[in-house]
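Two forms, one protein chain; structure tokens for each follow separately as structure 1 and structure 2.
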Structure 1
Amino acid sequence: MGALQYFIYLSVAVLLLGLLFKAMKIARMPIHLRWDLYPIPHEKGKGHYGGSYFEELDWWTKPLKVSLVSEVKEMSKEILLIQSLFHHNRFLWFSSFPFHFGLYLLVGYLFFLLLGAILNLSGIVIGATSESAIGVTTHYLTVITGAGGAILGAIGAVGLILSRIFKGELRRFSVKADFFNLALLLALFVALLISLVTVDKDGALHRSLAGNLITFKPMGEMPSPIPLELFLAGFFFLYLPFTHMTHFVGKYFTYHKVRWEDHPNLRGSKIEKAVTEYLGYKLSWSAAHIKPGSTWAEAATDTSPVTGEEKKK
């Protein structure tokens, strides 16, 4: 196996571990105080206008009505169509939507490459003329997601770069890293597109490389555009966990664990148990009205240093 192949393995490992580490780090943080933001789509019968269970008299005596269907519907619109940007920042949506949808298609492309490689190993031929229906389907989906993803992604990346250059409000807030990230992805999209157009029109070569990667066989010689494309892909995987581009991980938490997190703290609940532990955490804030070294429970119940006079003495 060559250096490039080892680099790919390393980058995929860093990507997966990095994403896992990020998600675990956030998930293991203390449950914060409630910071709901309405509308919350899972509020059954109320989500569409922004209502909540607080509208019910004696709400704590009634079962909480949750609509997972509404929540999934809202999530789908946000993830697939980026509806918040469509409604509130249409200009940017015209670049951001193809960019993100292109990325989704490329995730699909990777999936179909791997699926095709596994099917190949099982003896199923992938191609337009394959006798197997799944072979034909996989072939077309591979071609569509690969070419479609690269084209849409490139269009979006160009649009986003130009927006950041020419739109003052974006330019003033953009830093070198923002341009680098977009340029890296644009390079990746273009490299893939060149490979697909010049040496791998039906994706068979990429599929074969994917097969070699998952079976740990040497990738062997590759026509010239491919190594550059693989290097860019590997570098992107390696780099991604260290950037804010992992916002697809963060977005799960910002929506489900902050904005839409409306679980009440009921007696005997897990939340109550956790909060009881947090109330024992010690404070080190220095302002005069907070006694140093006290726990949250002590600070909240002992109001004697409230003016800070005691501390000043």
Structure 2
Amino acid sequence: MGALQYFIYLSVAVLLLGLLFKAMKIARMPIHLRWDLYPIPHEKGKGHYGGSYFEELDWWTKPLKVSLVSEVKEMSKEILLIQSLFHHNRFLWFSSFPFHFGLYLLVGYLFFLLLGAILNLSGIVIGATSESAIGVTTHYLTVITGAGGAILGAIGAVGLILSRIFKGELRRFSVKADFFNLALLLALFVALLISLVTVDKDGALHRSLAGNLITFKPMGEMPSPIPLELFLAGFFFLYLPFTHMTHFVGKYFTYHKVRWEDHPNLRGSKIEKAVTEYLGYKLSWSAAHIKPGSTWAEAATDTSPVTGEEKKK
């Protein structure tokens, strides 16, 4: 195996472990201040008008009715269409939507490459003229997701870079890392597109490389610009866990543990146990209205007025 192949294995391992570590770190954080923002889509029969189980008489004595279908439907609109940005910042959405949808297609591209490699190993031919229906389907989905993802991603990345340069309100809070991240992804999209157009129009070469990677066989010689494309992909995987681009991990918790969290705090519940523990935490900071060293419970229940001397501190 060559150095590039070892680099790819390393980058994939760092990516998976990094994302797992970040998800576990967020999951173990104390309960966030709940927003209970309505409508909450999983409120069965009530989500569509912003209602909740609190409308029910003696609601705490009744089982919660949850609609997973409604929740998945709402999540799909947010993840695939980025509907919040569409409603609140239409200008940015025109660049952000193709950028993110291109990334989703490329995740699909990786999936179909790996699926095609596994099917190849099991004797199924992948191609437009394959006798197997799954072979034909996998071929076309690989081509569509690869080319479509690279084109949309590149369009979105260019749009986001230009927006951060020329849009005043975006330029003010854009840092060098934002431009580097977008430039890195743009280079990756363009390298992939050139590879698909010039040396691998049907994706067979990429599928063969994927097969060698999962069976730990040497990838061998590769035509340009595939080595550059693989290096950029490996570098991106290695770099991603250490950047704010992992916001997609936090987004799950933002919606499910903050915005839509509506589980009741009942006596004897896990929530009550956790909150009781948190109320005993010692405060590590102080202010005019906060006494250093006091607990969360003492700070929350202290109603004594702030004196003039305390305000001067």
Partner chain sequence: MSSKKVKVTDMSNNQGQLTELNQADFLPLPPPYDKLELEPKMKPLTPDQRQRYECDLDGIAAVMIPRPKTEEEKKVLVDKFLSGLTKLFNKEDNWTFIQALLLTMEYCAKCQTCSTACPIFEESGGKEIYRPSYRADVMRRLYKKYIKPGGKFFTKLTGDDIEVNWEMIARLAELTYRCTLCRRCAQTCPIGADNGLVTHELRKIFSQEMGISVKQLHEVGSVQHIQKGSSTGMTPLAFKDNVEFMEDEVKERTGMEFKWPIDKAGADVLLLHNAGEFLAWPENPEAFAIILEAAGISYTLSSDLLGYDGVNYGLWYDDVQLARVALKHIETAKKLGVKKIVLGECGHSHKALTVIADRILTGDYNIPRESSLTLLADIVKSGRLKLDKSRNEDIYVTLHDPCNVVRLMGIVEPQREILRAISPKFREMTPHGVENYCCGGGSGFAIMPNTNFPDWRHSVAGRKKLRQVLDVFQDVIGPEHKKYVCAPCSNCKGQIRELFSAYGVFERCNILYGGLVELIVNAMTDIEKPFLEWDWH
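These numbers were taken from a predicted model, which means no experiment stands behind them. Just so we're on the same page, rigid core means the largest C-alpha set that superposes within 1.5 Å between forms. One-based numbering along structure 1's sequence throughout.
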**Report entry** Structure number, where the criterion is the form predicted together with the partner chain
**Finding:** 1
Query - Flag for Trp296, CA shift 2 Å or larger between the two structures after aligning core - result: yes
Query - Threshold 2 Å Cα movement between the two structures at Leu64, rigid core reference - result: yes
Query raised in the report: Is the C-alpha displacement of Arg34 equal to or greater than 2 Å between the two structures once the rigid core has been superposed?
Result: yes
Report task. Align on the rigid core first, then pass along the CA displacement of Ser286 between the two structures in angstrom. Result -> 3.1
